[in-house]
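Okay, so here's just one chain, in structure tokens, the form predicted on its own.
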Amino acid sequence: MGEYTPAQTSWTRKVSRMKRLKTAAAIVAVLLLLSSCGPAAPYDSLKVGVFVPGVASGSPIYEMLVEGACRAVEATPGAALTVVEAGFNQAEWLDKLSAMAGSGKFGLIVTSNPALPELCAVVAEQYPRARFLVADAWLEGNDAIHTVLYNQLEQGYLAGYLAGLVTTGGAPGSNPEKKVGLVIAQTYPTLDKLIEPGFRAGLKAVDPAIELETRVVGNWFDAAKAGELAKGLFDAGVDIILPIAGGANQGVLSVAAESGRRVVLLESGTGVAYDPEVVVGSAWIAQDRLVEEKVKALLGGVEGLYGTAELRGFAEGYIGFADEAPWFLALPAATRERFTAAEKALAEGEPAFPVTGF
């Protein structure tokens, strides 16, 4: 329980290789768009394309997506990998994904985002031979697509429980207001249906009187605006914030450092040099591990995955908490003990967070 491996913050260990991949990605994205107008080349079952719906750097979930695919390809003789970053304009994702599939160059396209199964289904209608693995998403019944959803009710609960402990006096600098902040890039299904309800449940498990204040940045990169929103929350009595805003998270971290307030994170691990006087902890998902396992299985010809959706959570080790991180260890012992007890209870199914569909 609570086990964490450095592979979950893989980006910093692969910087040079990832820079090469990113450079190739920009070129490949253009080539794919051009080649989609001509005859499709034969699909190569060992050619893997990673479609990043955004930019990988600065987004832990996409960093882990790329890293997991990299490891799977490296372990598969004859396999090759291409990374395409689609950017932040969601209106362009379908065209870019269609160009990627239409090039006929990839036997498997790997991506991650709750919005992607619907786009993949549209593309699969256009290109019936295309096959997709979508992590952090749910879609059943399409024979071209395999999806895996994380039980982020549990992840949100862990982050919320720790935030609740902090705001009720479990860390130096906490105030008596019992207010917690949530700064998000935008609303989206996983946040609305899983993360936020789990986070709120964690807060209420500590103290039902805790209030949650939410602010919306409007995009995944405006750190200045995220900082402004964080400052407003801190000025209103909030003493800890959960930011879910991709690259904009840095604005929250910076303002928290200036204000002497705290931040709890998702999807980051012990390999990141966060200030222990700012970050109190991180509830992670093992996206890199899951993507590596699934890509290996699909490249290896494992049958029965396409057309199915799976759920992974705390009990299977795909949701966890970085309880060996220096920032968590800097908390008072009594706070850490209460949190560890909550982790143990969650592992035993208390509280239970069933997800039957999405």
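The shown structure was predicted, so the numbers you read here are calculated from the model rather than taken from an experiment. One rule holds for the numbers: they count along the sequence shown, beginning at 1.
We do not show the form predicted together with a small molecule, though everything after this point is about it.
Colleague: Looking at G107, G227, G170, P114 here, can you tell me which has any non-hydrogen atom within 4.5 angstroms of the small molecule in the predicted bound form?
Modeller: Filtering the options by heavy-atom distance leaves P114.
Colleague: Let me know the one among I285, V252, V83, L133 whose heavy atoms come within 4.5 Å of the small molecule in the predicted bound form, would you?
Modeller: Contact check passes for I285.
Colleague: Let me test this: is every residue among S59, Q155 and L266 within 4.5 Å of the small molecule in the predicted bound form, going by heavy atom positions?
Modeller: Yes.
Colleague: So, in the predicted bound form, is W93 in contact with the small molecule at a 4.5 angstroms heavy atom limit?
Modeller: Yes.
Colleague: Can you tell me if W220 lies within 4.5 angstroms of the small molecule in the predicted bound form, counting non-hydrogen atoms only?
Modeller: Looking in the predicted bound form, residue contacts with the small molecule include W220, since a heavy atom lies within 4.5 Å.
Colleague: Please check if G246 has a heavy atom lying within 4.5 Å of any heavy atom of the small molecule in the predicted bound form.
Modeller: Yes - in the predicted bound form, heavy atoms of G246 and the small molecule come within 4.5 Å of each other.
Colleague: If you check in the predicted bound form, is Y127 within 4.5 Å of the small molecule, heavy atoms only?
Modeller: No.
Colleague: Among the candidate stretches 72 to 80, 183 to 191, 202 to 210, 98 to 106, which one is within 4.5 Å of the small molecule in the predicted bound form when only heavy atoms are counted?
Modeller: Contact criterion met by 183 to 191 only.
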